[in-house]
Each structure stands twice: as C-alpha cells, then as structure tokens.
Ligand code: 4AZ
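The chain below stands alone and is given in structure tokens; this is the form predicted alone.
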C-alpha cells in the first residue's frame, strides 16, 4: 500500500513551487486558519518547520490527522516523537509566522489497521487552546451526500508538487471531484497498492484524466466539501495518475468516535 505518508527525512528540503499539490493553486492559512502542519523538527529538520503531515483544527485544543502519520510503515509500530507539534498560521513553512504548539496527547482509532489502512484517523491534543473561530466543522455521522460522485471537494497540503520529491515550503490546494464507490473499488480491488473499502474510505480525483491529487507529505490533511471536513488524506497509487484517484478516510464513518475525544 502506498501511503501519502510522512515526509522522508532525506527529502525534507524545500523546493520553489510554480504550481500546487499536484495540479492546484497557492493557498493561505489566513483564509484557512484550520489548516495545520504536523511537525517534528528533531526528525525532519528546520527548513520546513519540521512538517511531515497535515492536519485540521476541529476544536480549540484538538487536531484531526491520519493515524498512519503516527506509525512507521516499515516496522508497523507507533513512532515516539517527543517534540511532536502542530504549526498554525504559517502559510510558508520556511518562515516564522504563526505558532508552534506542542502535542501533549495522541489518540488513534482503536479499529485502525496499518496493513489495510482501515479507520485511518487520529486526534492530537494541543498544549494550549486556539481561537475557536479557527475551527473547521466536521461532517455528520453517517452522512452520504458529501461523497456523491461528482461533488466538488478541495484538498490542502504542503506535499509533493509532482510526485518526484518536489516539496514546497508554501501551502497549496486543489479541487478534486468525488469518485463513485464502484469506480474506486474497480481501481483498487486488490494488489500491492491496497484495497478500497467504501465503509471507511472515499475517493476523489480526476479518475480518467489524472492531473489533480494529494501526494507524499499531504497525509493527514483535510478533504473539504461545502465548508466541512469530510475526509483525511490517506493513500493511493502514485500521485495524480489516471485510474488511480486519491483515497481518503471517510470521516462520516467514524466522526462520532472522533467527537468523543473533543
């Protein structure tokens, strides 16, 4: 399974972007104050503020991200990063704007499985409360409308621009249409990339053409529909490839458990 995972330490060097997280445009944390970088300077260095995943502020003290961001894919074990933090209000990770807030607790959905990437959701607890006005509302438990095929969604992140290690310092966004469950099931029915399960996953992207997608380093970031968090960047095959849309955690399947941590 190819996770849109933590930024490899060896690649934590900024690039100068001309476009976006594959195929989008520049974005700003001023417009999207709920968009945060999940970071560890001790592991990933200082050039991009230690960013290795994305996340979403869903309450003044809680950030939702992907469970696999807290794991080592090679060992299958939880990773202990003593300096784990969340960066808020910093569009350009090479700068010093905004705040870096320590993470004091982490919760991973007890149903999460690294081998299948089912229930790929985690909640980070911040050491200090943030502005309630910066919070992004979450989708309702069991909601289906935001996932209807063709629905416009937007994904945000600081990840790879081209699928070749071109990591920017600045935030980007890209609009992607939701993909029908049947289509995604056919694209990811088995094999080394993983198996799509519509109970806990959703797909978005230009399925036939490719060209728009999240990529490495975008894991844990938000998929937003109509001003609500509906998905979490999880996994896929390659980046923006035809026939391989991005796979996201279907937050509506587990949002009640997430709310229980708020």
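Positions refer to the first chain, counted from 1. A quick note: this is a predicted structure, and the numbers were derived from the prediction, not measured.
Although it is not shown, the form predicted together with ligand 4AZ is what the next lines describe.
Taking the partner from the other structure, ligand 4AZ in the model of the complex has a heavy atom within 4.5 Å of a heavy atom of residue 217.
Within 4.5 Å of any heavy atom of ligand 4AZ in the model of the complex lies no heavy atom of residue 251.
Of the heavy atoms in residue 68, some are within 4.5 Å of ligand 4AZ in the model of the complex. Ligand 4AZ is not drawn, but in the model of the complex it has no heavy atom within 4.5 Å of residue 223. Not one of 34, 55 and 58 places a heavy atom within 4.5 Å of ligand 4AZ in the model of the complex. The stretch that touches ligand 4AZ in the model of the complex, counting heavy atoms within 4.5 Å, is 233-241, out of 26-34, 194-202, 39-47, 233-241.
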